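Presented as structure tokens, the chain that follows is alone, the form predicted on its own.
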């Protein structure tokens, strides 16, 4: 009999799977450029006013257990942000702070999913969506962001899939539909019209809608972001957000799940998420005070996010310009977040899959990317375009030359 649990086999993170190889290469003095992890704090310093707030909390000895579901200061800062940015109001009990969105996903899936329950996941997806769902015995119902539509979604396809699922006796119940906007790993920003149709579909079929909006202020190239909070009033929904990306504070591990409505299902989920928060006692208390300051000080945040987004736009577009000369990849232009997801001509490169591509690129060129199949996008790979232009020049030219060399073999 196996010592480990059966469900532990689902615990896996494709983003970090090549780290062991990369570390061994670097220990031997080989230069490795890591374009696999979306961590803005590596390349953009967390704003000084946020660091000062963290230090102030420490000096004031705010190092005790905080309220399990989040400090009052943080909850009020989140309320203020959404009221100012999106003209929506959330009740105090509708905001549960979590250790990043990974913990929010863990709580939600554990609270909602019984073995055999389904959840609609759009691919490409952030890889932890699948991990957390399968850990609870959930069944992923795959829908697609369509590459031919610039990674947008087709509402008619979603309706057809839901109609067929009503007849599928393998499923106990469809518990939620999860979207990501802006998208990781594609960088797509969904338009308001598409979102309105998705809200209508979820409402018609009685499915809770979850929207991961962690990149909601990192939008560029003329795209416009619409929060689901503005469109889903009156129906059960959850908004996921946090400090990691917009506030350049990945290591703080502060996220939040917002459940605005007061219907029976929403109230049950809110109450149970608080129970989960109480089990782990508290988040990092000084980090929550710093987060409250980061979110509440809109003047300083505005300066920081405008600068960071403008620089990310330059870096993403610069990367795209270099990639366009590569005849062996095809890429949809991103308009949000900081990812590029090229499709690889594996046949021309004589490679069996995107895993082989990513491994050989690391071993031969010292460039670490993530295989697209880790996001449900076979024959793709993901580039994180946060590094300065000089590093991106070096890295993407390496990728291009790698493709040319393998195509000639």
Ligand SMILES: Cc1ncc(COP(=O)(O)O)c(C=O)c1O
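On a predicted model such as this, the values are computed, not experimentally measured, just so you know. Positions refer to the first chain, counted from 1.
Only in words, not in the display: the form predicted together with the named molecule, which the text now covers.
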Listed residue (319, 244, 211, 335) with a non-hydrogen atom within 4.5 angstroms of the named molecule in the predicted bound form: 244
Single option in 272, 253, 76, 315 placed near the named molecule in the predicted bound form, where near means a heavy atom within 4.5 Å: 253
Joint contact, 100, 129 and 184 to the named molecule in the predicted bound form, by non-hydrogen atom at 4.5 Å: yes
The named molecule contact in the predicted bound form: residue 180, any heavy atom under 4.5 Å: yes
The named molecule contact in the predicted bound form: residue 215, any heavy atom under 4.5 Å: yes
is_contact(residue 289, the named molecule) in the predicted bound form, heavy atom dist at most 4.5 Å: no
Contact test in the predicted bound form: residue 339 vs the named molecule, heavy atoms, 4.5 Å: yes
Stretch in contact, per heavy atom within 4.5 angstroms of the named molecule in the predicted bound form, of 100 to 108, 188 to 196, 135 to 143, 216 to 224: 100 to 108
